[in-house]
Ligand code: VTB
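Heads up, the chain below is alone and in the form predicted alone; it's given as structure tokens.
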């Protein structure tokens, strides 16, 4: 593997029929997030969010344009007038390959990276054209759990206490043994109060919405059983792509509380302002997902700069085969990363 040595692999897959997305693209996506993560990691702890984000964007865009795909960004850094690179609608790739939609966040957790705090990631997801939700850059109310639960365990329209009770019952534990992940924001004061009233524990996070949802996929490692609360809609699509690959459950509802937001959503094809999207509504078909740690986190280690090498830790997933691979790569060709 030219990007480094595959040192650890968790392969949960069996052979599956040929699909439009070649399995080789799964490993290519790892290279995309690796390069973005390394670029951002050079600026972690420097206190400059914009510089770190721009470095990750530039690196990810360069790598994407080398992929044999006809790619279109559906979740990016913003709309064209707001983002000079990797904007929604931007075309990437060599055009010699499958037509795909791409959701990305070159630096998930810009504040986290700037402060060198846990769980900053470089993230990307890919699906066949037309299989990802065009989510406007607005808030989304979300609920998510990992794999292993009966269908319908969670319902965004129900109070937190009812969702927690069903998760606890399905898991065979008391509600007091559950931990919910919630972003530490003033808007969540009532939610936090309601969750604590059930006896469940809460892990508050300052940033890193995608990572927060993904943590539900492996409660034994992360200690997170359920994600609750309001975060970015684009991040919701990315998180849904990851959960599609692991078999979790997720629901989201766009918060369109101004006429401007309603108009923006309609321009992107959203015709039902109150619709509750499930995981497959946000990312359907054959989905590929990759994330590389920028800073150390619960699931992924951050980039390590050695004297003669760079070490990265990446997870790559595919929904059609339910394959999850962890890649610890040692990159000897340091010039590639600038």
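Numbering follows the first chain given and starts at 1. A quick note: this is a predicted structure, and the numbers were derived from the prediction, not measured.
A second form of this protein, the form predicted in complex with the ligand, is not displayed here; the remarks below concern that form.
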Can you pick the stretch from 151 to 159, 248 to 256, 215 to 223, 103 to 111 whose heavy atoms fall within 4.5 Å of the ligand in the model of the complex? 103 to 111
Going by heavy atom distances of 4.5 angstroms or less, which of 146, 136, 231, 76 would be at the interface with the ligand in the model of the complex? 231
Of 166, 129, 185, 115, the one that lies within 4.5 Å of the ligand in the model of the complex (heavy atoms): 185
